[in-house]
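Next up: just one chain, as structure tokens, the form predicted on its own.
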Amino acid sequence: MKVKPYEQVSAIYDGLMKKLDYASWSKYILLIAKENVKDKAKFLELGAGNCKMAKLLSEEYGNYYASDISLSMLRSGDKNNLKKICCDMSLLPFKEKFDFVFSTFDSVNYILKQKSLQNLFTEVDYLLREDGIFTFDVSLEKNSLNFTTGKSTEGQHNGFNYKMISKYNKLSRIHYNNFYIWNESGLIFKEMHKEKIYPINTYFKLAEKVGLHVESCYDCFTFKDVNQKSERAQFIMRKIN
């Protein structure tokens, strides 16, 4: 049975990400924030998922909104007082302005069409206050080339068994993650996740089109410039009127 992305994966997501160091990633985002915005800055997270990052970051910046296109993912997180909004990041419904908009976990790669990616940049530009920051990470082809022959991962979590098969198509530049999930009854759910691995110059060109200034492009998790060996890139863009 095919289901929408993250509709069933939300049930096993913590198992998939059990080795992920949320605390260190949050500290990296906080370093970027403290370098660029004031202590009382208004935050908007795109692709917040189960809101584990949001929980950590909102302890430092209380004026915080967490958004994700998957209602299942937003509901899967701990109950807390976070402001959670279910929406598409390329069609943002907000009227208020933000000082800091960000995304993690290569969520931006889930935008498969360049027109929609430009829509994201346009929407963020509209929502940012003057001198506001937009920062996000993307997965680069150097990472996906490790999956041209396909790789699989299996595990158990929350009463479910799962198998993830990852494969990269160099021609289409689509990175596929196919999930097979079943429970004790043997019921199988299949989710197909697609990520577009854009050439890195695409992000620079689209930012320039909408008027966002690329201040930095780092090798992700560092403050060193991205390079040919980088598997992920961290963009920091600023709204300048």
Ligand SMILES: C[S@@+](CC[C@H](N)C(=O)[O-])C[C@H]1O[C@@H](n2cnc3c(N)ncnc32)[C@H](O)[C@@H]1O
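A residue's number is simply how far along the shown sequence it sits, counting from 1. Remember, it's a predicted structure, so these values are computed and weren't measured experimentally.
Quick note: we don't show the form predicted together with the named molecule, though the next part is all about it.
- Only one of 69, 29, 41, 197 lies close to the named molecule in the predicted complex, with a heavy atom inside 4.5 Å, and it is 69.
- This chain appears without its partner; in the predicted complex, the one residue of 119, 139, 104, 76 with a heavy atom within 4.5 Å of the named molecule is 104.
- The three residues 6, 22 and 47 all sit with a heavy atom within 4.5 Å of the named molecule in the predicted complex.
- Per the 4.5 Å heavy atom criterion, the named molecule in the predicted complex is contacted by stretch 109 to 117, the sole one of 158 to 166, 109 to 117, 128 to 136, 141 to 149.
- Residue contact with the named molecule in the predicted complex: residue 218 places no heavy atom within 4.5 Å of it.
- Interface residue remark: residue 89 is counted as part of the site for the named molecule in the predicted complex, having a heavy atom within 4.5 Å.
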